[in-house]
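Take a look at this one chain, the form predicted alone, written out in structure tokens.
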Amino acid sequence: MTPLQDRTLFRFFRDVLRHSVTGSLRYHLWMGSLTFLMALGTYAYLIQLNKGLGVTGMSDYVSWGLYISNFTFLVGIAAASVMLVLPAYILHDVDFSKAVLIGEGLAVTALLMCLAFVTVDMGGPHRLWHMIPKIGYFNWPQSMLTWDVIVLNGYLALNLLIPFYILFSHYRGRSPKKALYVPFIMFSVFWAVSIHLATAFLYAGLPSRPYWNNALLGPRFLASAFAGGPALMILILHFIKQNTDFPIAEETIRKLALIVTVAAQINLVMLGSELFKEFYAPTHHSQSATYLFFGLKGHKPLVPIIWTAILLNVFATLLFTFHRTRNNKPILLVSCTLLFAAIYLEKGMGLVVPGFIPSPLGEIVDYFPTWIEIAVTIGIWALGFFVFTLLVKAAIAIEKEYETHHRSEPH
């Protein structure tokens, strides 16, 4: 490792790259498997790029499908990093201090995946120029889509710059100056909420789609994000704790589990409120919900998906609610997995597709993702895991060296 006094920005990136390409056989097998899945996704995407979106299951009737479902879900995962940032930096909770950089790395990864899903859904990267202000058709500030683009890219910039400054300072053996990063952290806390609300408002602001035109959609987006995101973080932190010597406090996992418990309970209450509104006194505006939960005119491809999601959601929330099961590590890990899967199903296909059915003319056109969409989706998720693994591996190496350096300094 380079001496502290000689460490420049170039050497920082060089050492990060060196950390990223070295590891055990299991590490290389993991990265090799992800590379294979990314290659498979790239192959499928090249077919889509060559032949157009006609190779997907989307149509003029259902114009958002698996890609936007994943995008919507991942925005929540990115926003949920605030559950680590807030207690670590703002409330000065030392239990979260070791986990916060991992949480910010997850936010960066989720946002990159969001941008990837938007790119493939647009038909190709050559259309991204439409999103550039003053150049493309960036209808700001009237369009909610433009607000979504702004807040997502802004939040990505914040989650890149803040950890970079902290890690680069630690790499040089220095303590980062709080005056240079704490104001941006406080700004990012509010920004985290805005990225998911903007996405929710993008749906809720479409009055011709009554399934989405719901005042409760924004708060429910936040509740599900603050349940599913920390649940994933618990799984990640447990894996890091078991497979590395990086110190993750057990109290961090317990506090995150409590956050998940409250958010999951609130999410279920909101789900019950939505079901009451749709089915207690149903109108023709309830047809989308009827299609989702019970089927409509013999069409019911999403019924098993949504009921599986609800059952998993209820069961996982019950396991979180009771202290004995929440504090039992194997049961906690199962609960996190079930809750994550439930929110992925419900907030993805269970949210996006029903909004298009029936069409304004009353037609019912079922949507089924093709192998192209599934392969591209798997490839993007593999890309996310690949990037996240690199970020975490480099961050852990830098943090461990920083701790060793400070312990060896005379006091």
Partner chain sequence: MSRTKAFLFGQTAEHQPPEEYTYPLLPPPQSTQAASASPSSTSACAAPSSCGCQPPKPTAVDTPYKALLKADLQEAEPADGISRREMLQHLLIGVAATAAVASGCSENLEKGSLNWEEYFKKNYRVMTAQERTDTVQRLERLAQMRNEKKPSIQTKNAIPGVLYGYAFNISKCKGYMDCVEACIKENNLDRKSGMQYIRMFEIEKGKFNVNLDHADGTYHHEVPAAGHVYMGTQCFQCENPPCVAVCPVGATWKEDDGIVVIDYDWCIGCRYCQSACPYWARRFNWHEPVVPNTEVNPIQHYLGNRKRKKGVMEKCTFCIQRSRDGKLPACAEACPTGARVFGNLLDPNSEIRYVLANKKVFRLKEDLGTEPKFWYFMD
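Keep in mind it's a predicted model, so treat the numbers as computed, not measured. Residue numbers count along the first chain shown, from 1.
There is another form of the same protein, the form predicted in complex with the partner chain; it is not shown, and what comes next is about it.
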Which among 35-43, 352-360, 22-30, 377-385 is in contact with the partner chain in the model of the complex, heavy atoms within 4.5 angstroms? 352-360
Taking Gly54, Gly123 and Leu128 together, does each of them reach the partner chain in the model of the complex with some heavy atom inside 4.5 Å? yes
I'd like to know whether Thr370 contacts the partner chain in the model of the complex, with contact meaning heavy atoms within 4.5 angstroms. no
Is there a non-hydrogen atom of Pro207 within 4.5 angstroms of a non-hydrogen atom of the partner chain in the model of the complex? yes
Would Gln287 count as a contact of the partner chain in the model of the complex, using a 4.5 angstroms cut-off between non-hydrogen atoms? yes
Would Lys297 count as a contact of the partner chain in the model of the complex, using a 4.5 angstroms cut-off between non-hydrogen atoms? yes
Tell me, out of Ile236, Met144, Ala257, Leu318, which residue has a non-hydrogen atom within 4.5 angstroms of the partner chain in the model of the complex. Met144
